[in-house]
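Single chain ahead, written as structure tokens, the form predicted on its own.
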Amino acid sequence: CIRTRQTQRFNFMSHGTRDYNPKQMAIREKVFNTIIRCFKRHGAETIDTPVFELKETLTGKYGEDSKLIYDLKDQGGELLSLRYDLTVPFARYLAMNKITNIKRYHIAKVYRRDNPAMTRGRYREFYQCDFDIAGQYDAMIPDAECLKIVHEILNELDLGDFRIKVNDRRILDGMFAVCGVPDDKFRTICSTVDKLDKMSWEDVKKEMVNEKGLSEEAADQIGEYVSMQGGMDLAERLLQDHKMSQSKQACAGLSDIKLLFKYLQLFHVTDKVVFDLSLARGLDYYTGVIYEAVLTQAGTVSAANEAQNDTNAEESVSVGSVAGGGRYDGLVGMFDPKGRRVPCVGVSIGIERIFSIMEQKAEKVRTTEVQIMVASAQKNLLEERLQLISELWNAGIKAELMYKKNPKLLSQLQYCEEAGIPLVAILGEQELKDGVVKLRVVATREEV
């Protein structure tokens, strides 16, 4: 009975969470190092925040996803919840510490009471890697840098073909207004549009009309716009569009998209970026530019082709979002007693999906960084091995030895091959007499 209960408990623990073995940890470390190197290259410093926040800090920030927040049991104090992302705690941190300018990165675990899909890298506990720029700057310069960072990281990790979809919350809100969506339905319709990457337009329209009470005419007009994709030329065309030009909000967003593409051209990343009117991102706190990076399967149409083909672009096969972000200029003000605004823009790298892909691709992975093995050719040389390895450790060299008094030389060499240790320092009676160490290269068997 006890064993059954334990088994049930362990099954629950693995439900939406995961353990990492040494091979997975080695891959994870490699990915983190690549991402951190990129963040530091762009001048970011790092911070940390608690794993839980006051419940009121998190509520009302995530739209319909608020139901996925993990609440902690009331222990007779404040009502607390596990953090849902790293953005809201960052905004709270800025307001509390009266910080108006910072470029920061933060890598930590977040928690969502979601339906897990382990094979697609979807968990209830997972890491996020966030990069954000807070401060009052000229339009689109920090935004363009965030997209450049996504481009750099995905290129360096070599995950396959990808594209970065870009849109603007003001364009979406303007589009909803000119298509006849009532003001109080903007956010909920936005959440439905956000499902277009997972559902067909017919199903999305059905949800808008049947569940959200939108008129069929308004839904059809939205349908015309959300099928459009392109580049700077699409933004120019929409600025001339009879309906869109009636919305000041939409025009401001379209002008910024044009400026963004100008900077992205200077960064040489427009080959992967596409202006996509179907991109919505369901979170409530976005106020301007929004973006999402998706991996596309080999042989599909590239973002560059889509930019040329605009609305007629052949749809490429998406294998899931691996990064997302946008501008959130109003979030810090929600936590500031005086409502002081700090404009912010940022990006979050979806690390678990990246791990899943890297694990599938990885063949032989070294799980340690040992540079050299200290071995002996004869018996009774344990003390000499311990002396030598101590010298190596003191010199900062990563070294290992077998925990046996008299290991066989063959088993020591085999261990090096299995563990991928490149060098062996061999001690024998003759070497000790001559005051030397025999150094063997494991791969070529050369000895010096």
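Each form is matched to the other, and the largest set of C-alpha atoms that superpose within 1.5 Å is called the rigid core. Being a predicted model, the structure only gives us computed values, none of them experimental. So that there is no doubt, residue numbering starts at 1 and follows the sequence shown.
Absent from the display: the form predicted together with a further copy of the same chain. The rest refers to it.
For the spot marked by R41, L82 and K148, is every residue within 4.5 Å of a further copy of the same chain in the predicted complex through some heavy atom?
Every residue of the candidate spot has a heavy atom within 4.5 Å of a further copy of the same chain in the predicted complex.
R28: heavy atom within 4.5 Å of a further copy of the same chain in the predicted complex?
Taking the distances in the predicted complex, the answer for R28 is yes, it comes within 4.5 Å of a further copy of the same chain.
Is K258 close to a further copy of the same chain in the predicted complex, meaning a heavy atom pair under 4.5 Å apart or at it?
Heavy-atom contact with a further copy of the same chain at 4.5 Å: absent for K258.
Answer for C416 alone: is it within 4.5 Å of a further copy of the same chain in the predicted complex, judged on heavy atom distances?
No - in the predicted complex, heavy atoms of C416 and a further copy of the same chain never come within 4.5 Å of each other.
Answer for N380 alone: is it within 4.5 Å of a further copy of the same chain in the predicted complex, judged on heavy atom distances?
Judged by the heavy-atom cut-off of 4.5 Å, N380 is well away from a further copy of the same chain in the predicted complex.
Only one of Q246, T100, S321, T367 comes within 4.5 Å of a further copy of the same chain in the predicted complex by heavy atoms, so just point that one out.
That would be T367.
Which one of K361, K262, R341, K195 is close to a further copy of the same chain in the predicted complex, taking close to mean a heavy atom within 4.5 Å?
Of the listed residues, the single hit is K262.
Only one of 165-173, 206-214, 367-375, 285-293 gets a heavy atom within 4.5 Å of a further copy of the same chain in the predicted complex; which is it?
It is 367-375 that comes within 4.5 Å of the partner.
Only counting heavy atoms and a 4.5 Å limit, does any residue of 20-50 reach a further copy of the same chain in the predicted complex, and if so which ones?
In sequence order, Y20, N21, P22, M25, R28, E29, K40, R41, H42, G43, A44, E45, T46, I47, D48, T49, P50 come within 4.5 Å of the partner.
Does V370 shift between this form and the one not shown by 2 angstroms or more at the C-alpha, the core having been superposed?
After core superposition, the displacement of the V370 C-alpha between this form and the one not shown reaches the 2 Å mark, so yes.
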